[in-house]
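Presented below, as structure tokens, is a lone chain in the form predicted on its own.
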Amino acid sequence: MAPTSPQPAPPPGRSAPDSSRRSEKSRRAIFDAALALVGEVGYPRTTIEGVAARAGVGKQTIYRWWPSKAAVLLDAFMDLAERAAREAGQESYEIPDTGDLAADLKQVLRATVDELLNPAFEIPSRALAAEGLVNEALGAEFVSKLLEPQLQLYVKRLRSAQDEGDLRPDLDPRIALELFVSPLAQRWLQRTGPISYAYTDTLVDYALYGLAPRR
């Protein structure tokens, strides 16, 4: 292989281009474009070409980082969740463990309400949820890579509560969490009623009444 020609030094007073900064700017533009497009035209009509054009990058830039549009959208949603956690003052997306299970669950579900009512999250989420019902492969990928890891955080918190004697030792945390997570998801997806802090607080109260140890 022929040696690479040396790159000219930047003119005096000007710094060399920061490739990592350029890459981050492109990545952010791609995520924003992908989420916007899937909300506007739906998953089937969202294309890599469309994302590239909207983000102002070359199609090959996207293919260099992701193998498919599903992979782009998965990373875009994970990035969106991480940003939401940072804005809420969390270093990472974790369910707090203050020793008060009801308060911890209410705090997290209130944050979830805020997220579900935020158009930046709600619009693309609804589009992907609808597509996941008819596109089994896409639905399975988003469940395994995005939804289930988040649900496992509830499992971890509920197991901690079991260890402290706050929940019955015989219950399965993965099933128990559905008592407050699933009603919220169903009401949001099907618009069967408003979602609010009062609603999710009530879900937690009802669920924990049934899950508490029998004295």
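These numbers come from a predicted model, not from an experiment. Each residue number is its position in the shown sequence, starting from 1.
Below: the form predicted together with another copy of the chain, not depicted.
- Annotation: in the predicted complex, residues Asp104, Ala111 and Phe121 none come within 4.5 Å of another copy of the chain through any heavy atom.
- Only one of Ala71, Val143, Ala81, Leu117 lies close to another copy of the chain in the predicted complex, with a heavy atom inside 4.5 Å, and it is Val143.
- Taking non-hydrogen atoms only, Phe180 approaches another copy of the chain to within 4.5 angstroms in the predicted complex.
- Contact between Ala185 and another copy of the chain in the predicted complex is found at the 4.5 Å heavy atom cutoff.
- Residue contact check for Gly132: one or more of its heavy atoms lie within 4.5 Å of another copy of the chain in the predicted complex.
- Contact annotation for Asp172: at least one heavy atom lies within 4.5 Å of another copy of the chain in the predicted complex.
- With another copy of the chain omitted here, the record of contacts in the predicted complex names 172 to 180 of 27 to 35, 50 to 58, 63 to 71, 172 to 180, defined by a heavy atom within 4.5 Å.
- Along 193 to 210, residues Tyr199, Thr202, Leu203, Tyr206, Ala207, Leu208, Tyr209, Gly210 each place a heavy atom within 4.5 Å of another copy of the chain in the predicted complex.
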